[in-house]
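Before any questions on how it binds or moves, here is one chain, the form predicted on its own, in structure tokens.
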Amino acid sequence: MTFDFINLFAFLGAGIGMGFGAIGAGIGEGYAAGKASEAIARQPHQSGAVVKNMLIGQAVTETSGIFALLISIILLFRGEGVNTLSQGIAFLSAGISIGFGALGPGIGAGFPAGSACTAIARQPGNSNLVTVTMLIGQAMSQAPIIFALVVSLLLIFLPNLANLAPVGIAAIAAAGICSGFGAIGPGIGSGYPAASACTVAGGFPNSIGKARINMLLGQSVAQTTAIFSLLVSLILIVITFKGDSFIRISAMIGAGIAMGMGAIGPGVGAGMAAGKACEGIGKSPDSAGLLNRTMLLGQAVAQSTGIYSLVIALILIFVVNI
């Protein structure tokens, strides 16, 4: 009897992808709904505008869950493939990538949705400005899940992943871990400045231009480690690693864990710095230059641990050769 690697790991990957992929979006959407309820309790006559914004924000927050659903369906109905262990592990890794990769962006997109509901209730005349700011911030916060989606699709459809040596199998497993966990921190972190920008749009509309620039700048830096994770994942997928040494196998898995887990803290921390800077610009727009410089300096220090993780991951991939 031939062992069915294809269905075994594809079905497991589909379950992991959708199971974990539903967590972030559900939390983010619930956060937005909770803030909408708070806002309506304060200003019941603004319920229509608040509910409209809530639904728009929840729709964008749902994006990460939809991506998880897409990959899970592909894994369930991917058709026949080469029945090898490496192909099966590639399918499992795709599920891990999209499942964990959806956590952070789903939660992060909920922050600006909730903040926008509060801002609209307080300043209904600025509702359009608030909603536009929310959508821009949410779009940026979804970037890490797109990186995870790209990695998942590569793991499913690249034909050269069907027959790999044990070290290569470890590498593609590590790629899913790296891209999945690597999206969590940057996705959550990107939500902080987006939420602050929505507050500024509602309460300090004259400062929103500078606040949006700060938001986008802060989000870009917060997502640096997501880019590092994507880079390491692509290296693990594209380069053909040969051999069956247990040391090399553990080095590949270690590289994925180092960069994936190492991206969480810097992503969240850099987002916190950006959020506070954005709030400050709303209150003191004339200090925008000073606040931007302070934010970037603080984010650079916060991102240093992500760089350390990248260095260790690259050493594990290219230097360890036992």
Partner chain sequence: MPSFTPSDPVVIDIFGLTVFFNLDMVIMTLFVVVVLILWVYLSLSKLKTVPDVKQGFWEIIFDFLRDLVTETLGEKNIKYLSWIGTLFIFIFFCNILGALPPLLKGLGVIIAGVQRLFFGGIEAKQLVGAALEEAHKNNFLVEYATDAYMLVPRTVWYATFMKFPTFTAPTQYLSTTLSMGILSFVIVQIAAIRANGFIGYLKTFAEPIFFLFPINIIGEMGKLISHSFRLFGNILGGSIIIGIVSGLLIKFISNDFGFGWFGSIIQIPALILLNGFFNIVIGLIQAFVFAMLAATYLAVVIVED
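Nothing here was measured: the structure is a model prediction, and the numbers come from that model. Positions refer to the first chain, counted from 1.
FYI, the form predicted in complex with the partner chain isn't displayed, but the following is about it.
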Given that the partner is absent here, state which listed stretch (241-249, 102-110, 212-220, 117-125) has heavy atoms within 4.5 Å of the partner chain in the model of the complex. 212-220
I need to confirm a contact call. Of 162, 139, 165, 132, which residue comes within 4.5 Å of the partner chain in the model of the complex, counting heavy atoms only? 139
Under a 4.5 angstroms heavy atom criterion, identify the one residue in 82, 76, 85, 231 near the partner chain in the model of the complex. 231
Using a 4.5 Å heavy atom cut-off, state whether residue 288 contacts the partner chain in the model of the complex. yes
Check whether residue 199 has any heavy atom within 4.5 Å of a heavy atom of the partner chain in the model of the complex, and answer yes or no. no
Using a 4.5 angstroms cut-off on non-hydrogen atoms, would residue 147 count as touching the partner chain in the model of the complex? yes
Answer for residue 41 alone: is it within 4.5 Å of the partner chain in the model of the complex, judged on heavy atom distances? no
Looking in the model of the complex, is the partner chain within 4.5 Å of a heavy atom from each of 143, 296 and 311? yes
Do any residues of 147-174 have a non-hydrogen atom within 4.5 angstroms of the partner chain in the model of the complex? If so, which ones, in sequence order? 147, 149, 150, 153, 154, 157, 158
